[in-house]
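Two forms of a single protein chain come next, each set out by itself as structure tokens; they are called structure 1 and structure 2.
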Structure 1
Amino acid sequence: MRFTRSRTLLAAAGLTLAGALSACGNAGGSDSESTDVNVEENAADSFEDGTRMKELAQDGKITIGVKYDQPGIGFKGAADDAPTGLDPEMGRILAASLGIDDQDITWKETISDNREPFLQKGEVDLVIASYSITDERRQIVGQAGPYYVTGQQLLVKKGSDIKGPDDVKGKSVCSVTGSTSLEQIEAKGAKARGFDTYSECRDQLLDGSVDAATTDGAILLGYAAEDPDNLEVVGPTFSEERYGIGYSKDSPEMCQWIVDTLKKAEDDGTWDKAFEATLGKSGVDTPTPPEMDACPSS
């Protein structure tokens, strides 16, 4: 019985590998391997009764909300089977610790506006969607992490007058409507231009309608890597975005599990591999994983 199960798992892992390889074209080259995650066996036994982790492990299924429109972070093309990027990789690591393999993860697209409602209503078990940790959000949902720290930067046309955040005063700068990035660039005196997606921003930048695009540097690097002749990322980061993993406040015990699991991944090199397979493809050096916040005592 156990033998049969491991064979199934092996086969599933193989499928995932193939899927990840074929799907990562948008995040960069397709010449590197996806993260190899070891799926725990008998994972349910290692969790206490009554915890959400135990329930998930026993069900053998998990639903994770990720973004579908951010290359390198969370991206799913129309023809892809599963999303790729650092966020889905984190999801796979967490699922694996529950003994859940890739094909039993249900991915759900979340946009900025529906992340909290999805968690509150239980439509997803986790949100891993470039979800910056803020005090306001922590009042209504749990956020464990950060598992990655990035900062806002500027994407411009090659040779632009804009060399950094001090040059944007009075210029049109594009980002996604309602995003924190847009608000921060507005605070720097730029004319904030909100569009629905980052790819629309890139188009506005290319046809000259806006002078720059802004969001987390990691995302911008993805676009610059796609079109290196015309686009470049300039200037230092001018904000700190600490990506956290969202969970429902109904299950506060999840926090420690997330932190422990990610810590283990950081220590054993899984995190590095996940980064290299995703954001790392745009040419940035793999950073040291950030120090994670302590979980609130419950």
Structure 2
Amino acid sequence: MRFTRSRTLLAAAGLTLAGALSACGNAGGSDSESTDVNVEENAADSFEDGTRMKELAQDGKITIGVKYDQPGIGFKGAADDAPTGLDPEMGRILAASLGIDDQDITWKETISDNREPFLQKGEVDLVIASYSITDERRQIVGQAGPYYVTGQQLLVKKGSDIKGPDDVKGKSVCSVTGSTSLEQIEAKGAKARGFDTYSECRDQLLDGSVDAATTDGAILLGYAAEDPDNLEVVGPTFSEERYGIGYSKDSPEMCQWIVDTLKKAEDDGTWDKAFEATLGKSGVDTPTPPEMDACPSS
């Protein structure tokens, strides 16, 4: 199977988010920049007949599921035409390798609970939504990657006496209701509080109702980048989350296309620009790409 590779493809990377973040711009919302990408010409000619990639390239359109409430990762404000963040950047780059331009991407808001159903029912072609790779999920859908590695951390108000997970005993710490983040922080002795959304949890932190917020460091980094004068991510990671790109098990050939596209991108440096336009606005250094998993043999 042959794949055309754009010279501006993106590969995301592993990252351990630790320490205080410097003041630097806005990671979410309409003023985030997008990475310039080269849309492949005659892309359909580069894929074998019968593959999902050729079908998408011939149709000239793609539907991608992303989150809308995670600044820096996947965010869409009420006045925004399209979502911004590292995950949408990944989607744009993958679409470009199929010859599909930005205006022909349909973005579909995706939450944690509907990622697998969206893929199984064919409501989206790809899910790129802070979608951690797990053995359990790979029994249900395909997951290629990881394109990014993060881990659970803590978001606090600047000047907090909480410097890491060892300091949360007896403290009030929030996350999204039903998340593993709440279970893990409660196991460390914190008073866990659940809310419907991360932004609600962030608001509770800012008004002093809770002492800290916790979830994947990449998500917290986005909130810190939005409000660097008041918020910072602290401490080492105390879990590992390997973000992957979801696709339907009915199209296993998509895995190698995704991996090949990302590997090519690692060599051309486009990921640096995409990271700097999104999570990099927090001031953290550009990370190194993680090693991606081999695709299952078909």
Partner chain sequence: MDWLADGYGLVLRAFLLTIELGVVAGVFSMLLGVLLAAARVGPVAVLAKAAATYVLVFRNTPLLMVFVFVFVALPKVDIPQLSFFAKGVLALTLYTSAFVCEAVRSGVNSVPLGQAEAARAVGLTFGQTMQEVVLPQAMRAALPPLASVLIALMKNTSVAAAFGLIEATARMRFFTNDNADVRTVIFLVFAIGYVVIVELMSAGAFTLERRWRVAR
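As the structure is a prediction and not an experimental result, all values here were calculated from the model. Throughout, residue numbering runs from 1 along the sequence of structure 1. Rigid core: the largest C-alpha set superposing within 1.5 Å between the two forms.
The first of the two structures is the form predicted in complex with its partner chain.
Residue 112: CA moves less than 2 Å between structure 1 and structure 2 after rigid-core fitting.
Comparing the forms between structure 1 and structure 2 on their rigid core, the Cα displacement of residue 255 stays under 2 Å.
Superposition of the larger rigid part on its C-alpha atoms leaves the smaller part rotated by 12 degrees between structure 1 and structure 2. Relative to the superposed core, residue 227 has its Cα moved 3.1 Å between structure 1 and structure 2.
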